[in-house]
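Just one chain follows, in the form predicted alone, and it is written as structure tokens.
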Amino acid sequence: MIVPVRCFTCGKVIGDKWENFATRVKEGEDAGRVLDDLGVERYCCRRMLLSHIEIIDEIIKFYEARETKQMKPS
């Protein structure tokens, strides 16, 4: 899904850090160091980024399949 704009616990804006965080972690950097570099210090905010799962690519498959099925005449 979409990364939350704000931390659920403290309300700090974290949504703007997701792209940079995800890119750097995929490149092999340590997640903890990336969060430190981005200025995410509170454990509640760190949890929001560390535990987020991008599932939109999985969900869109079902949407596209449904749209294709609806367009075909029965």
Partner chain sequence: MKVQILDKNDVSVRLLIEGSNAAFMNALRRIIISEVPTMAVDDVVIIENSSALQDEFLAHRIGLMPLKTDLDTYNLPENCACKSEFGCNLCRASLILDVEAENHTITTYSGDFKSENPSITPVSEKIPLAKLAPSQKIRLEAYARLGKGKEHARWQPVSMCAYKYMPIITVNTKLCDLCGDCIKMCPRNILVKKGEKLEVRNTTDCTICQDCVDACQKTPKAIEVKWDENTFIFRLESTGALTPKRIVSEALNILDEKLTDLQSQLKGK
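Small disclaimer: the values here were computed from a predicted structure and weren't measured. Residue numbers count along the first chain shown, from 1.
This protein has a second form, the form predicted together with the partner chain, left out of what is shown; the following refers to that one.
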- Though only this chain appears here, would K12 touch the partner chain in the predicted complex if you measure heavy atom gaps against 4.5 Å? yes
Does the partner chain get within 4.5 angstroms of any non-hydrogen atom of R47 in the predicted complex?
no
Report task. Could you confirm whether R33 comes within 4.5 Å of the partner chain in the predicted complex, counting heavy atoms only? Result -> no
So in the predicted complex, is the partner chain close enough to R6 to count as touching (4.5 Å, heavy atoms)?
yes
Of the residues spanning 46-64, the ones with some heavy atom within 4.5 Å of the partner chain in the predicted complex are E54, I56, D57, I59, I60, Y63, E64
